[in-house]
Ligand code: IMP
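Below, in structure tokens: the form predicted on its own, a single chain.
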């Protein structure tokens, strides 16, 4: 059985990964289970994929473990795609989820429109890096997108990040209100992870 490290310190993401990733053939572990302290990876990439790849490679090479890294965020059309890759620090370095949501609401209200919803999407890039694999199987990159809209009032106590403000298309509840099962079936991370799960299943079955 191989360790599968998750290269994030975000507890919400760790919880979702633990719920969605396969247990057969793998021990799903946080990077902090293996590294102390966990190295700080500067997320200075232009795209989500850049940041996910940088994190996966750094942790995998440090531990020589199969490593999965994520970078994801919210893109709001009315803000030109912001917060985008700055989603986790939209209100400034060290900002928490509540501060980032407040900043988003403030910027949307500052547009001076009477809109109550704004078209948006969650985007997730995942990178699976295997330091022990041959060059052609060392890296797998996938992404997932969930289209929807942002509302200006927080609704629901579930999820994390911007979930209490995001309503996926075809629904009238935010991710903060929907059950985790429904969210996983719809979400950007759930869609991207389904591709990773298929790859892991194939790897586990390879002699």
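Predicted model, so just to flag it, every value in this text is computed and none were measured. Positions refer to the first chain, counted from 1.
Not pictured, yet referred to below: the form predicted in complex with the ligand.
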Is every one of 43, 160 and 163 in contact with the ligand in the predicted complex, taking contact as a heavy atom within 4.5 Å?
yes
With heavy atoms only and a cut-off of 4.5 Å, decide whether residue 191 touches the ligand in the predicted complex.
no
Applying a 4.5 Å heavy atom distance criterion, does residue 130 contact the ligand in the predicted complex?
no
Is residue 88 close enough to the ligand in the predicted complex to count, meaning some heavy atom within 4.5 Å?
yes
Any of the heavy atoms of residue 75 lying within 4.5 Å of the ligand in the predicted complex?
no
The chain here is shown without the ligand. Which stretch in 64-72, 25-33, 134-142, 148-156 comes within 4.5 angstroms of it in the predicted complex, by heavy atom distance?
64-72
Residues within stretch 116-136 having a non-hydrogen atom within 4.5 Å of the ligand in the predicted complex:
122
